[in-house]
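Next comes just one chain, in structure tokens: the form predicted on its own.
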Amino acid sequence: MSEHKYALGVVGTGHLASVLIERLIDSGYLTGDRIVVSRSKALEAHPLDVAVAEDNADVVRDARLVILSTTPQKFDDAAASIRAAASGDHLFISVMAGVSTDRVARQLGDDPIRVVRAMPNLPFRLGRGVTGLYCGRHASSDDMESVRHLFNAGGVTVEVDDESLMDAVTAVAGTGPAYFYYFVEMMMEAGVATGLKRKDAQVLAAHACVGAGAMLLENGASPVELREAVMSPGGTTEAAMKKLHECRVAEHVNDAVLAAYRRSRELGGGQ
């Protein structure tokens, strides 16, 4: 097994990659001098306190553990740039939506390429993220333990044993924070419409939602049980729930999640 200069390499330095790197450093999981990324325009716009290689191939040559964080649409070009440097000695972690582990392995070389697929979300940055994981066919239990440990630095992990479920993980958790922000935004707008100052409406809506989420995680009760605990007969919550039902909000949320799910599958076309 060859020696590698860095503990972690990252190919692709967009927003998600920055979130992962910043959390790993701030949590003490790795120091910046143990991480290498390839030079890019994104990196110039958002500098990171890490080592910088001139190209993707240098990142792979210098690190055994490599996160692939390009967009799915750019993966073919990224794979071509690192194929000559990739080997069975590497462990690749793909955070690309819709791209299967078999496709990653197939495009990176003829050797059995070890790939674990991960789908983190943006709260990873604060240590409150959730990451879905799937172990590719050539990755070992030790590989999964290493990946699990890495992503636990930013929250919790959920492992699935059927890779097709990663599209569902993407739709529920990866995209999920955007649903939350949208709902908070709409609550704020309603609060402003009823006379609240915008800054007060944001504090009220955000803390109501974050507090509710904390109760859901720590209480152990189901969402239905907690919702019913808030709702008294003939009260304000019941009036709100009736309106949400009349407007078919549940159906629209379901449709939105399914749209994200279908798009994740589309991004993996040609696997």
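None of the values given here were measured: they were computed from a predicted structure. The first residue of the shown sequence is 1; numbering continues from there.
The next section is about a form of this same protein that is not shown, the form predicted in complex with a small molecule.
- Output flag, T101, R263 and G268 jointly within 4.5 Å of the small molecule in the predicted complex, heavy atom basis: Not a single listed residue reaches the small molecule in the predicted complex, so no.
- May I ask you to check whether G191 falls inside a 4.5 Å heavy atom distance of the small molecule in the predicted complex? Residue-level check for G191: no, no contact with the small molecule.
- Heavy atom of P72 within 4.5 Å of the small molecule in the predicted complex: Judged by the heavy-atom cut-off of 4.5 Å, P72 is in contact with the small molecule in the predicted complex.
- Message: I'd like to know if Q202 sits close to the small molecule in the predicted complex, meaning any non-hydrogen atom pair within 4.5 angstroms.
- Response: Looking in the predicted complex, residue contacts with the small molecule do not include Q202, since no heavy atom lies within 4.5 Å.
- Message: Is A78 part of the interface with the small molecule in the predicted complex - any heavy atom within 4.5 Å?
- Response: Taking the distances in the predicted complex, the answer for A78 is yes, it comes within 4.5 Å of the small molecule.
- Item | Partner-facing stretch of 28-36, 211-219, 232-240, 41-49, counted where any non-hydrogen atom is within 4.5 angstroms of the small molecule in the predicted complex | After filtering at 4.5 Å, what remains is 41-49.
- Go through A86, A139, A97, V147 and name the one with a heavy atom inside 4.5 Å of the small molecule in the predicted complex. So the residue touching the small molecule in the predicted complex, by this definition, is A97.
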